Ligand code: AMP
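What follows is one chain in structure tokens, specifically the form predicted on its own.
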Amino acid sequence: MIEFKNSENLNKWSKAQREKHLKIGFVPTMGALHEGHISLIEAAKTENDLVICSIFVNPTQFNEQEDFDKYPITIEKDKDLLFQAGCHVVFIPDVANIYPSSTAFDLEIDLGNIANVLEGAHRPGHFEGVMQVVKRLLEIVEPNVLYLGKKDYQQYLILKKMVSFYQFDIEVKQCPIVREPDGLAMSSRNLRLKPVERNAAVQLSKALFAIQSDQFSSSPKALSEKFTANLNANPLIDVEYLEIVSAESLGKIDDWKDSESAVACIAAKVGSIRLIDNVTIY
């Protein structure tokens, strides 16, 4: 496995591979890798000649400095996992390499409603930071295919729209959520949960799967309110949102007939750790 820290060197290497007509798959991460990340590497391996994974904790997408400061850094473990998974290249830049001039610059894209709801409503500026770093990474790596996990469902929709807006010749693929045996969605943040919080956290996915099973038993709003109340009854859980929305527009669904596809999305703090998850309803 080749390791790059300099963006210019990686870009030159990547261009040389494309001149050989080799197809490149790219998996951007913030490190603290787990089986969910590795599933993206494995998917990319099956469909490309080369796989590049980046590890960069992006400061511009954090709303709270404390959250950024406490983000787990496990570089050596991450590199071992990538090597074992058969990743061909790992890119581990510093902030100056990603943002050589300044971390502040404007994106011309107007995302409309999909950026203003759910995570967008609760984490102002978050998606601007995500788009900023992914746009920069795509310019450096110049891959053929970008692989994203479904756990960040809203992020997938936004980045797919961004790729189209900037006319990158890149296919965007979404890969399934990987879960722990008890159903909790795998996340780097899970490492920060205390044992009692970890036991409580599984209630988030249980609520989503219950909604999936109970669909049509009552209105989307009634189900959201019911399971929000159930979760908030646990003193360790504080639900920010639990909404059933259109899988395409992310607009709230008042009636099951309002959309051809629906997804239940949740964000909640378990203790002090904020977790997100989602389940496709139909």
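Since the structure is predicted, the reported quantities are computational estimates derived from the model, not experimental observations. For every residue, the number given is its place in the sequence shown, counted from 1.
If you look for the form predicted in complex with the ligand, you will not find it shown, but the lines that follow are about it.
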{"property": "One stretch from 79-87, 148-156, 135-143, 110-118 that, in the model of the complex, holds residues within 4.5 Å of the ligand by heavy atom", "result": "148-156"}
{"property": "Answer option from M162, I177, I98, I211, heavy atom within 4.5 Å of the ligand in the model of the complex", "result": "I177"}
{"property": "Option touching the ligand, based on a heavy atom within 4.5 Å in the model of the complex, out of I170, M186, I92, A200", "result": "M186"}
{"property": "Proximity of T29 to the ligand in the model of the complex, heavy atoms at 4.5 Å", "result": "yes"}
{"property": "Contact test in the model of the complex: G36 vs the ligand, heavy atoms, 4.5 Å", "result": "yes"}
{"property": "Proximity of Y71 to the ligand in the model of the complex, heavy atoms at 4.5 Å", "result": "yes"}
{"property": "V245, heavy atom within 4.5 angstroms of the ligand in the model of the complex", "result": "no"}
